[in-house]
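For reference, the chain that follows is the form predicted alone, supplied as structure tokens.
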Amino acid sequence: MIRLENLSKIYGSRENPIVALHDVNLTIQTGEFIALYGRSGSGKSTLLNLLSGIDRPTSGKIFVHAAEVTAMDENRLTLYRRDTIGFVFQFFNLLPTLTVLENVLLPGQLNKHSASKLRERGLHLLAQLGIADRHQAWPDQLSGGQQQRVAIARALINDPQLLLADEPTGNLDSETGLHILEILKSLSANHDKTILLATHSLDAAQFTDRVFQVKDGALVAQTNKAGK
């Protein structure tokens, strides 16, 4: 599904370059749950930003379902992000003036779905995530774990093929973080979602099918607890 070819990203000037990624090659199959493990500033988020088309590589190519993301213009990138990508962030990024359900439905409204079908899908996603009874609540009335479940439902509203999760458990206690990781694992195993998890926690990374340490601009393959 995803193929990275000689992907590099360099910030700064020619005199003082900062190499975030260097000559990365990687193939990810549909439905895989992949961890990008490393310290803050190691390049994990940079790779997610390149995959989503938010940022452009210095060199190299990205293919998703045979479409070359790195060759898309801004209009095509906007449609690609809308139709193909779901984002889950560390800080939830819920709009405080919208209810839980309204937050979930917002990306779907940009897709011009039928209002009734969109509402039905939103409630179904919230039910799958165990928080349908909170659909009329405001974000500040929820716990951190509940807010992250809402953020996951929002990321799934357009049924994206690729889910990018940037430190989704970083603001949660260990028990709640465990539940969020179990949800992501279930989405990969049972709903064929391809998921990239950026994390600084090796414990979190062990939930995935494959672990890559991001170090010195390179991806170093690791072995998870399951030995995959």
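If you're wondering where the values come from, they're calculated on a predicted model, not measured in any experiment. Throughout, we count residues from 1 along the sequence that is shown.
Although it is not shown, the form predicted together with a small molecule is what the next lines describe.
Between 65-73, 23-31, 182-190, 44-52, the stretch whose residues reach within 4.5 angstroms of the small molecule in the model of the complex through a non-hydrogen atom is 44-52. In the model of the complex, the small molecule lies farther than 4.5 Å from every heavy atom of K61. The closest heavy atom approach of S40 to the small molecule in the model of the complex falls within 4.5 Å. Using a 4.5 angstroms limit between non-hydrogen atoms, A218 is distant from the small molecule in the model of the complex.
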